[in-house]
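To begin, one chain is listed below as structure tokens, in the form predicted on its own.
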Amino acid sequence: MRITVDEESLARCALLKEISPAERQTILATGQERRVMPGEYFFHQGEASDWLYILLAGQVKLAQVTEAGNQVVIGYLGPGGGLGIVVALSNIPYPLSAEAMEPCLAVGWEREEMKALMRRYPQLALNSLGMVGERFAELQERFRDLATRRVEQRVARALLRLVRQFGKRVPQGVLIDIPLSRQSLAEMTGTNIYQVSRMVSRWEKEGVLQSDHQRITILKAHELVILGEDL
């Protein structure tokens, strides 16, 4: 199966920013190509974090299973996203699983191999440190949402985050271009499928969004902003 690499997204990859095109190609050439089909995993929660990846094409769901056996969707990654980079460099087990949602192509490095590259290209190390800070800020925001915002606000804000990541302009509005079930949306926002289904159905009736076969199109983004920010 042919997989198209999104060069524009790769250029925005946080790990490779402020690195010249020639150096970027050298770095990528040292890695190993990996293809993962839908339903397969780059890695599982609890495994030794021996590899880290940059996603070149496709979409990946990051999820964690709690001690009680409940799944929590941490987020989704598209082309240019880093898989296991922060964790592998910290030498701790993967705290979550990375599942391919569609045919994926990635380039991967073993931990020691990436450390050697960072000694050769210090900007790589600086970029990975920046990724740690960004991930920490994201987790703080998610925790604040869970602690202080109503379910309706959390769902609206989750949809807006996905619009920023995967939004694709279509005639009706903005399509969130990933498979997104109501169960996954519930797992992202610390609620249940009943509440999410009720909200999505109401927003459909109000013309805020359109849902069809696990694809959500935002018709009135400003209405979601009003809901998410409680304006």
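Every value quoted in this text rests on a predicted model; they were computed, and no experiment measured them. When you see a residue number, it is the position in the sequence shown, counting from 1. For the two forms, the rigid core is made up of the largest set of C-alpha atoms that agree within 1.5 Å on superposition.
Below, we refer to the form predicted together with another copy of the chain, which is not included among the displayed structures.
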Establish, in the predicted bound form, whether A68, P122 and L126 all lie within 4.5 Å of another copy of the chain, using non-hydrogen atoms for the distance. yes
May I ask you to check whether L77 falls inside a 4.5 Å heavy atom distance of another copy of the chain in the predicted bound form? no
P103 near another copy of the chain in the predicted bound form, any heavy atom under 4.5 Å? no
Taking the shortest heavy atom distance, is Q45 within 4.5 Å of another copy of the chain in the predicted bound form? yes
Using heavy atoms and a 4.5 Å limit, would one call V107 a contact residue for another copy of the chain in the predicted bound form? no
Name the residue from G31, G190, P179, G173 that puts a heavy atom within 4.5 Å of another copy of the chain in the predicted bound form. G190
Using the arrangement in the predicted bound form, list in sequence order the residues of 143 to 180 with any heavy atom within 4.5 angstroms of another copy of the chain. F143, R144, L146, A147, T148, R149
Rigid core superposition, E223 Cα moves 2 angstroms or more between this form and the one not shown: no
